[in-house]
Structure formats: structure tokens, C-alpha cells
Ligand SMILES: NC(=O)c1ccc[n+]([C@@H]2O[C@H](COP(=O)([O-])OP(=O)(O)OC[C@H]3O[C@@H](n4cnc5c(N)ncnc54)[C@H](OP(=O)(O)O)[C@@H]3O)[C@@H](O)[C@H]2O)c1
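One chain comes next, on its own, written as C-alpha cells: the form predicted on its own.
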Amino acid sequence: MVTGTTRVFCVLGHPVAHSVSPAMHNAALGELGLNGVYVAFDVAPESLSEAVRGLRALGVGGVNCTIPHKEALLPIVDRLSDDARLIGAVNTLVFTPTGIEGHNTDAPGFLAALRAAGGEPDGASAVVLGSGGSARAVVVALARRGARITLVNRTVGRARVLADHVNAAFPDVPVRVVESGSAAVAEAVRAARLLVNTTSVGMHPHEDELPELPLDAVHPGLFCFDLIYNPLETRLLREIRARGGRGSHGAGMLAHQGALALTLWTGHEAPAALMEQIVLQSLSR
């Protein structure tokens, strides 16, 4: 029951009505026996700073942020975690007596989900498709585990900016860039143990689309992690499995990054497995 002592947690986005975060977080709060409720607020970009200050003034227990607010939060917070600074984006806010802390749980959430699905990042030869915000979190996570990373993107200049940023932070883990459609992509995929799709190609309602990828280079030793979770079975995953590879959708990353945020707010270890189960149930309706 909601009472006068119920703590409120929330996600800010624009739009955000489609979010499954309330379902998974409320299930987790119930499992932990905590008197809390998690809701979604649609906040326009021009109102973001005002909304964040207001939520802190109201004593909200914690905030998640999604598209399009992750980068816009950087100048709003008082302190950044190492991951938020490295990735250049904030997805979790923690309110403290001395200010607003900006965190990013995407990188550790990705690693936790990858391992839970049977992928192994440590020292892996990895191909990452895309160079946007999600790619930044994935590349930082993989670099931290000593992976050898090839970034594949249509816009080479944008990918080089990300590669240079990560190379500066992890000088012993070089990141190379190749252009989509080039012969170097096939070479990289043949040598890779891990393929990560961070693009939106194949996401609902465009389920028939496929990222530009040389499918003849796919081999049985390749594990594909597709960050897309709607649909759960993308065309990319079907093509990888048809050629003997293995793969996983992105629902686990959504659950694990959310679980890490809930732990930051409450000090309790969040039930990531339950949260993923709720995500899968929500998406199958």
C-alpha cells in the first residue's frame, strides 16, 4: 500500500509511456519488501533541469533517465561517477545531502547481462556495430575487460571520435575503426569471438531490417549480443543462429542496469533475474 512514508522512484524520458521500467522496478521493490513505488514521467528536453531540481526538492528516492536526456544531464549534476564521465552520459541520478550524483549503469549492466547469457568479454576479439551512446557504454565495458575491439560504422569520423576517446582512457587496449561494407569488416568478424549490435536496425516496427554485416563471415564460435529487446528475436539473431553462432537479446542488459540503479538507491542487492523475467513478460503481452 502507498502511504505517507512510501519512497518514490522514477524514470524520465520523452517519450516514456512505452517503458517497462516501472513494471520491473515495482516487482523488485515488492520482492525486497521495500515501501516504494516506481513511476514514469514524460519530461520535455527544455524542462529537464527544472524537473530534476524539483524531484530532488520533493525527496524522490532515485531517478533513471533515458532518451533523449542521458547526455543533457552532464551539466546538471554536481558530481559524476567514473563510468558516467568515461561514457559521457548519465542514466541514474542519486540525490544526496550535498548534491546530485550522476551515474551510468549501462557498462556494468551490459557485462553482467553478457555473462549471464553465456558470452565472455575478457580478452575477447570483439566487433561492435554502431558508435552512438549505447556503443560508448559497450566499448568502455569491453575495454575495461581487455577486449580487442573493432568499431564498425558508416560514419567513420564519428566512430574515430569514440575510438580516440577510449584509446586515451585505455592505452593498452587499442580500438580500431572500419567502415561498414568494407572488406575489413568480414576479416574482423571471422576473427571475432563476440559481436555486439548497438544500432537500432531491426528494432520494432522494422523487424525485417538487418545491420550491414557480411553473413558469410559468421562462424560457430561467434556470440552475438543484440542490444535490441523489441523484438526479442531480431533478424540479426536469427541469421547468426542459422550459421551456427549463439546470441542473446538486450532484455538482460535492461534488467541488469536497472538492478544496479536500484541497488545504488536502496543499498539492497536488487533481484536482477526477477527483473529480467518481468521485462520478458511485459514484452510478450
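Start at 1 and count along the sequence shown; that's the residue number. Just so you know, these numbers come straight off a predicted model, no measurement behind them.
Quick note: we don't show the form predicted together with the ligand, though the next part is all about it.
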property	result
Proximity to the ligand in the model of the complex, single hit among G99, G132, P174, G123 (heavy atom within 4.5 Å)	G132
Contacting member of V43, I228, L260, L55, with respect to the ligand in the model of the complex [4.5 Å, heavy atom]	I228
Segment that reaches the ligand in the model of the complex - one of 45 to 53, 216 to 224, 29 to 37, 246 to 254, heavy atoms within 4.5 Å	246 to 254
4.5 Å heavy atom contact, M203 to the ligand in the model of the complex	yes
In the model of the complex, T150 touching the ligand (heavy atom, 4.5 Å)	no
Contact of S182 with the ligand in the model of the complex (heavy atom, 4.5 Å)	no
Contact of R115 with the ligand in the model of the complex (heavy atom, 4.5 Å)	no
